[in-house]
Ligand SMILES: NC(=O)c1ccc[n+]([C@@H]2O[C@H](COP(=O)([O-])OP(=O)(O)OC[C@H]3O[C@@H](n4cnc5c(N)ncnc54)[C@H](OP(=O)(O)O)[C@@H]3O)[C@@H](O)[C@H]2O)c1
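The chain that follows stands alone, in the form predicted on its own, written as structure tokens.
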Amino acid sequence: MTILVSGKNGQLGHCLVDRLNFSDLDYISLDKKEMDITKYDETARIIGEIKPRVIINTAAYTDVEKSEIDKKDAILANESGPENLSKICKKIDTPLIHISTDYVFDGRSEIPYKPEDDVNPKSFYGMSKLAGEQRIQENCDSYMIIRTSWLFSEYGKNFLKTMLKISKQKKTIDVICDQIGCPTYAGHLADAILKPIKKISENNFDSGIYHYAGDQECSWFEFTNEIFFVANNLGYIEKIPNLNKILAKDFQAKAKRPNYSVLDSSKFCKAFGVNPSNWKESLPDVIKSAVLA
């Protein structure tokens, strides 16, 4: 059984490859230069040569702010690419695992979102990711769409690494306190995807939308506090910067983000026997690895 991972240079792609390297699973991981999923013929040819038993699509346009300007690129990566994969997967009878986002919700809920809850994205990024979900549902018979939230890791660009960098540059940092989500370690998401991979490869699962995210909700302000507390204990930060609470409306952002985007992971966890991401427990190792990277 061969697993094909697209988007190998992203956070989740890196974490998947790390774990696949220490497994007995055969896999091939490709970046955009090796397989551009926005180009149907090229993608169909490559997949036809590899003949994967499962495709895990982690490729995406993830810059929320730039998506408001680079709308064409966001649509290509987040809608057209998944649509191409879904059509190819249907033709070759191969399950598709696709990663989506909490930004498909508007943030008006007061309880964690379940996969079946109404969607209403407020940013173009969220709209493009929702469109990708819809194309998969329209074109693919065997699929798993996994929405995740506030992804962080030792790889790529993410909030944790940005805060660690800023902590070396500023004595005072403004952090949003009224947006609530559930941080998710990409390594935990990779583990959660790979645990049931045999069942998925055999089409022994219910196609549909699932959620997988962190086990504890917090604000960006609280997340930053936790990052700095751990980094300080590890000796990476000599002195924790002063943190100022600010409201989302006072942060000049192009994209609107949900004020509440906590995800309920129970459907996925019960179906495949995994636990939500214990993001606090992961912080020391992630910070150590991020510092060494």
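Note that residue numbering begins at 1 and tracks the sequence as displayed. What you are looking at is a predicted structure, and each value in this text was computed from that prediction instead of being measured.
Missing here is the form predicted in complex with this ligand; even so, the following discussion is about that form.
Asks: Only one of S86, S100, S123, T94 gets a heavy atom within 4.5 Å of this ligand in the model of the complex. Which one?
Replies: If I apply the 4.5 Å criterion carefully, the residue I get is S100.
Asks: Please pick, from I47, I37, V54, A231, the one residue with any non-hydrogen atom lying within 4.5 angstroms of this ligand in the model of the complex.
Replies: Comparing distances to this ligand in the model of the complex, the residue within 4.5 Å is I37.
Asks: Taking 4.5 angstroms as the heavy atom distance cut-off, pick the stretch from 37 to 45, 233 to 241, 264 to 272, 249 to 257 that is near this ligand in the model of the complex.
Replies: Stretch with heavy atoms near the partner: 37 to 45.
Asks: Does K32 make contact with this ligand in the model of the complex, using a 4.5 Å heavy atom cut-off?
Replies: Residue-level check for K32: yes, a contact with this ligand.
Asks: Is N9 close enough to this ligand in the model of the complex to count, meaning some heavy atom within 4.5 Å?
Replies: Yes, contact at 4.5 Å.
Asks: Answer yes if any heavy atom of I227 is within 4.5 Å of a heavy atom of this ligand in the model of the complex; otherwise answer no.
Replies: I227 lies outside the contact set for this ligand.
Asks: At 4.5 Å between heavy atoms, is W150 in contact with this ligand in the model of the complex?
Replies: Taking the distances in the model of the complex, the answer for W150 is yes, it comes within 4.5 Å of this ligand.
Asks: Would T58, A77 and K129 all count as contacting this ligand in the model of the complex, using a 4.5 Å heavy atom cut-off?
Replies: Checking in the model of the complex: T58, A77 and K129 are all within 4.5 Å of this ligand.
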